[in-house]
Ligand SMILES: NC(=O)c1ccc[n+]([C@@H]2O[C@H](COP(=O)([O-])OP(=O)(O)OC[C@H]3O[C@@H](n4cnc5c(N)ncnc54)[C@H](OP(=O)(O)O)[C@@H]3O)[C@@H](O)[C@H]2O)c1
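Only one chain is included here, represented as structure tokens and corresponding to the form predicted alone.
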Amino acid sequence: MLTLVTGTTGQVGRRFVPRLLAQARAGEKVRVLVRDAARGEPYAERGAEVVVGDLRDAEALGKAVAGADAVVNVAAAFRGVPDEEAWAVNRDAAVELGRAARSAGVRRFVQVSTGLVYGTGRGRPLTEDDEIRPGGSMWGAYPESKARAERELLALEGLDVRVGRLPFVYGEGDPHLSQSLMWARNWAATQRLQMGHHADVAQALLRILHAPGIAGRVYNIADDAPVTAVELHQLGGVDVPAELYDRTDPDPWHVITSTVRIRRELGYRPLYPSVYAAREAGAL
């Protein structure tokens, strides 16, 4: 089995690929698509095949998917990029990758998406059967472009597509946790953030990749304990702004997701059920 992974130099990809390589069995190979040959060298040293090219280039896509059995599309453009780039990478390139994979005879395609596609809360943890309603100004075109990619990829006939929706990802030196204060300082004290450690995101994606018989299934990925704006400040070692306590959370269930499906169907159990467990283990 040969698995192609895109987005391998981003925060998620650079932590997922080493785990994919580490658990590979005899006969299983990994190929990575990178735009910069130098950034592919660490993967080559670990035994991965490296294809140099841009996800938005048809010729590069053809080379990347040739002979592959599976694709894990981790590539994403978000936080601060122009909307046009978000659409070009998150929807257009993802769908073209799916079409190229289907034409090349790829059997399995894992689309890495986001819990932000749900949009507003429903007064309870969000499930994969809930309608997706992406929107809001905070993340620009990222949620909608990811939602459209999901829809179009799942509609491709002849390709086994499965989707993993990520939470706010942190850990292993990723700066996301400290960066969260850029938003949390403007929240209400009780406003919550659903999180997931990189080790658990990788675990979930590996389960989604290898599980038989789940074509067309969507899975939420998250830990067990969303944290409040107050906790985010405390974790960052900074004072909690007094004004947080004067604000009201506009949507207490915004992007708070249920992981019942991935637990029941794929046996997922977070290695780090909370950010505090990760901190105690020295895994931040």
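One rule holds for the numbers: they count along the sequence shown, beginning at 1. None of these values were measured; they are calculated from a predicted model.
The form predicted together with the named molecule exists for this protein as well; it is not shown, and the discussion that follows is about that form.
Highlighted residues R39, A76 and R79: every one comes within 4.5 Å of the named molecule in the predicted bound form, counting any heavy atom. With the partner omitted here, the stretch from 105-113, 184-192, 207-215, 121-129 that lies within 4.5 Å of the named molecule by heavy atoms in the predicted bound form is 105-113. At a distance threshold of 4.5 angstroms between non-hydrogen atoms, G10 is in contact with the named molecule in the predicted bound form. Within 4.5 Å of any heavy atom of the named molecule in the predicted bound form lies no heavy atom of G98. Using a 4.5 angstroms limit between non-hydrogen atoms, R133 is distant from the named molecule in the predicted bound form. Shown alone here, R46 lies farther than 4.5 Å from the named molecule in the predicted bound form, counting heavy atoms only. The partner is absent here; in the predicted bound form, the one residue of D224, D251, E243, D54 having a heavy atom within 4.5 Å of the named molecule is D54.
In terms of contact with the named molecule in the predicted bound form, the residue from V161, A149, V89, A202 that brings a heavy atom within 4.5 Å is V89. Contacts of stretch 153-186 with the named molecule in the predicted bound form, defined by any heavy atom lying within 4.5 Å, are made by L166, P167, F168, V169, H176, listed in sequence order.
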